[in-house]
Each structure stands twice: as C-alpha cells, then as structure tokens.
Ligand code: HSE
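In the block that follows, a single chain appears as structure tokens, in the form predicted alone.
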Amino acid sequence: MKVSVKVPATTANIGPGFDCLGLALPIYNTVTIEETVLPGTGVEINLMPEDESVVDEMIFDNIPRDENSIVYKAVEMLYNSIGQEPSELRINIQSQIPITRGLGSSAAVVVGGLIAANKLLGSPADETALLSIATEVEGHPDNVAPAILGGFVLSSQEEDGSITYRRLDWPDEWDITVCIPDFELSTNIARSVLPKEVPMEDAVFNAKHLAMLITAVSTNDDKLMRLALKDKLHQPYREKLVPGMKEIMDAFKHEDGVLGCVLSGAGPSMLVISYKYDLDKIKSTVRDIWSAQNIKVDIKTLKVEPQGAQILE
C-alpha cells in the first residue's frame, strides 16, 4: 500500500505573533510513504526537488536519509504511540518548498509523513494527536498547525504539553507577496541570536500588537492591521542576519495600501502584506534593494491556502 500527502508551505510569526501564529501558502511538498515487501531493507528516503536545475545539491546532501530524518522520527513516534514499530518503509519527498528560507519546509515533510503513515495504519490518530506529535518533532506548533489545518492559525503548546489551536479566516482582499532570497538561514542560527530575556516594555508591546493583529484579521480592519504588524521580540535581533531586511521594511512603511512587511518565520524570506496596491511596484522595490547587495530573489504574490494537508487519491 502507498499513500501520498500534499502539504502547503507555511509562514510563521507574522510580525508580533512569535511562535504562535502561522499561515498556509500555496507552495507544496508531497510526501509518499510505501511499505516495502523486502524484509531487512529498513527505511529508504528519497528527496526529489521539483526543479533539479535550480536546487543547490549541497543542501539536499546535508539532509539525513535514514532513521535520523525528522520525517522518519515523526513516523516512528506515531507507530510507537499505538504500540508498533515501523516496518520497512520507502519515503519519497517531492519538494517545491524552498529549504532554510523560513517557509516551513521541515514542518511540511513532518506533517506529510505523519498523515501518510496514519492512513497506512488505518487512521488511529485524530487531528489533535497528529498535531501533538508534529509539535513534539518541530518544537513548536506555529508551522505545523497551518500545515495540517490550512488558513491562518493561532496555536499554543500548553504547560501540560497539549496544543490549543484556532483557525481564523484571512481576508480575501489581503495579498501576500513572498520574497525568497537566494541565501539560506537555518532556524538554529536564527534562534541563536535571540535573547533569553527581553525588557518588560517589549513584551507588553508585542502583547498589544498581537491583540491588534488578531482583531484586525477577524474584523477585516486594514487600518488596524497597518498598526498591528510590529514586533520587538525577534525581528530586531534577526535583522543583522538578513541583508537588506531593514531597507525593505523601511521602503514600505509609508505606502498607502501596504499593510506591513515582516520576516517569514525565522527568515530570510520576507512577506509584504498589501491591500489594493500595485503588486509590480512591490516586486520592483524588493528586487532593487536586494540586487544592490548582489542577492537574487524569487517573488510570488499569493493568497492564503485555505486547505491544509490533503491525501491524494
């Protein structure tokens, strides 16, 4: 038996929503899991980029293709949760989501592997259980929640380990322009620059702006959204890791129709959220800033993906 699951990319934080907000985007990874019939073959993991001509093979060479893979670890946890050990498995990953760009590539393969394995096992785990396992593998639910659910998701891992999550409707009128530079930034490095403690006024600042953001999305309030997309917990510290980030954010501060510009997850990709604005102008502005620093960029204007991971028939 073979099961394939298509999983969307995700962008986390959305400014002030550090480690608790995420959006699904229509870029996809497809994970296929097949139980092989040859005993003793163990796990086989194949990585298949959608366009091999534009992928840095060194990146793929550094991704584990055995029991150390995060996909296999997630699948093993699911099997163990029902008292089983994984059988011989072949896992194929067709990758469209750029790696180490702040677009949830690891969350997508974890979620895809879990849902495919769950189907192979006869669906013993419900949505909540799958989200819990995925969060344990990823460390926090901000990417895995929208990867499973689709749309715009608020999530939190509580002190007892349980996951609280709610899906909200993102306004159709708000476009998201995703700007993906041609350099990597690992999540570990991006987290290493964050302080262990922050000033009380910065924590209060983010709490206020997170409340504004949730209200703005819920009420389709573009004026409030322009105020909401500010952050003092992670973006100021990560700015030094992303050349051109400050210049891009400054370029859109006073543009009518641009609701805000934020780092996508841990970066280095950036999001420009706009409302009835010249999308070509956004693209040319970002290209000009990064081009001046010899950085190439792939720019896509997207709507939020309303559906999460889907089993392909």
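None of these values were measured; they are calculated from a predicted model. Just count from 1 along the sequence shown to find any residue number.
One more form of this protein should be noted, the form predicted together with the named molecule, which is absent from this view; the next part is about it.
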**OP:** Name the stretch, out of 262-270, 242-250, 280-288, 22-30, where some heavy atom lies within 4.5 Å of the named molecule in the predicted bound form.
**Re:** 262-270
Original post:
Of these, 140, 209, 226, 232, which has a heavy atom no more than 4.5 Å from the named molecule in the predicted bound form?
Top reply: 140
**OP:** Quick one: from 191, 119, 90, 166, grab the residue that has a heavy atom within 4.5 Å of the named molecule in the predicted bound form.
**Re:** 191
Original post:
Do all of 13, 18 and 187 end up near the named molecule in the predicted bound form, with near meaning a heavy atom within 4.5 Å?
Top reply: yes
**OP:** Give a yes/no on whether residue 73 approaches the named molecule to within 4.5 Å in the predicted bound form, heavy atoms considered.
**Re:** no
